[in-house]
Ligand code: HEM
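Single chain ahead, written as structure tokens, the form predicted alone.
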């Protein structure tokens, strides 16, 4: 079937504000749909099909897929070994993932809790007496950026630099204009130069930080220091969780404030916060989709896909598929199996930073809801999202609240 041209505004920044009607129509009428303006590129919108692609990396490759899709690579990558882990296939992917996992092991993750709590309270302290906050720029963005700086050993004065690293389009670069691409490539070169100097300094003088841990893991594995490999893994650790966590914190807060019934349930039982976060991720994934390449002729959802085709796995659509979730557009903090969303991926490429993101968001909401009462929308909210081909997050979110005693 054909979708009217005027409906095909997503993926792409033009349709990022409200892609839901189009995605609903695709799920119902054309669940695997070849874009007429991009032959060989298929939008995959149903839960079962997206999970099938994610669960079969032997059929669907991640190797260099974003650069191939856009015809534009942010950096010159000499070999598969030097790609970031989410741009690699096994066996290289498995080796990279082992290095990247070094700072995210359960024992080390537990040790981050006091730091996260301090950072959260420090940010709340800055606005708590005002009775109002612009949530995006005063809390949601600085929290993951500052945590990343502290964990990675990046000077706090470089927080803005870390934030800008996380804003890079990757999957969606194919839908951005040439000026945007060139600007992003220039920024990427500056960031890689910065990261190279930082890694070399840590190699010469190790510290108690994530970069030093990644270097140690890589050297223990290979018996020699490989700068490009360490840099690739540190780049994804720095950039991967900053912007996505920031976007989700704001989206989830908006959903809570918008639904007093769900807010009351959370306030009456903080044990619901982890499930609330999963439900929020299901409805508003900060990273809306990811691509893969078909390695051979294959069938997806009853549709024949030629080898070499690109498949855009719409997490944002799969998570709202009524074949998987009952009343899928309803925000329900008590939803059973909310954690089965695909916003963190699935299978071999499941998001490595998911445990840290969950911990960070859990502590963040516990403290916000402990210290701020009667949270409500402030004036001048338009609830507009950033123009992006793949990310979803607010420009700003004005909130007002009553202050409760610190506990």
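Everything numeric here is computed off the predicted structure, so don't read it as measured data. Positions refer to the first chain, counted from 1.
Separately, the form predicted together with the ligand exists; it is not shown, and the next lines address it.
K.L.:
Tell me which of 368-376, 44-52, 23-31, 352-360 has residues with heavy atoms within 4.5 angstroms of the ligand in the model of the complex?
P.N.:
Of the stretches listed, the one contacting the partner is 352-360.
K.L.:
Report yes if all three of 66, 86 and 97 come within 4.5 Å of the ligand in the model of the complex by some heavy atom, otherwise no.
P.N.:
Each of the three qualifies.
K.L.:
Would you mind picking the one in 163, 202, 292, 320 that has a heavy atom within 4.5 Å of the ligand in the model of the complex?
P.N.:
Only one option qualifies, and that one is 292.
K.L.:
Counting only non-hydrogen atoms and a 4.5 angstroms cut-off, does residue 348 reach the ligand in the model of the complex?
P.N.:
Yes, residue 348 is a contact residue.
K.L.:
Can you tell me if residue 244 lies within 4.5 angstroms of the ligand in the model of the complex, counting non-hydrogen atoms only?
P.N.:
Flag for residue 244 set to yes.
K.L.:
So, residue 344 and the ligand: in the model of the complex, are they within 4.5 Å at any heavy atom pair?
P.N.:
The answer is yes: residue 344 has a heavy atom within 4.5 Å of the ligand.
K.L.:
Any chance residue 92 has a heavy atom within 4.5 Å of the ligand in the model of the complex?
P.N.:
Contact check for residue 92: no, nothing within 4.5 Å of the ligand in the model of the complex.
K.L.:
In sequence order, which positions of 266-282 have a non-hydrogen atom within 4.5 Å of the ligand in the model of the complex?
P.N.:
Going through 266-282 in order - heavy atoms within 4.5 Å of the ligand in the model of the complex - there is one hit, 281.
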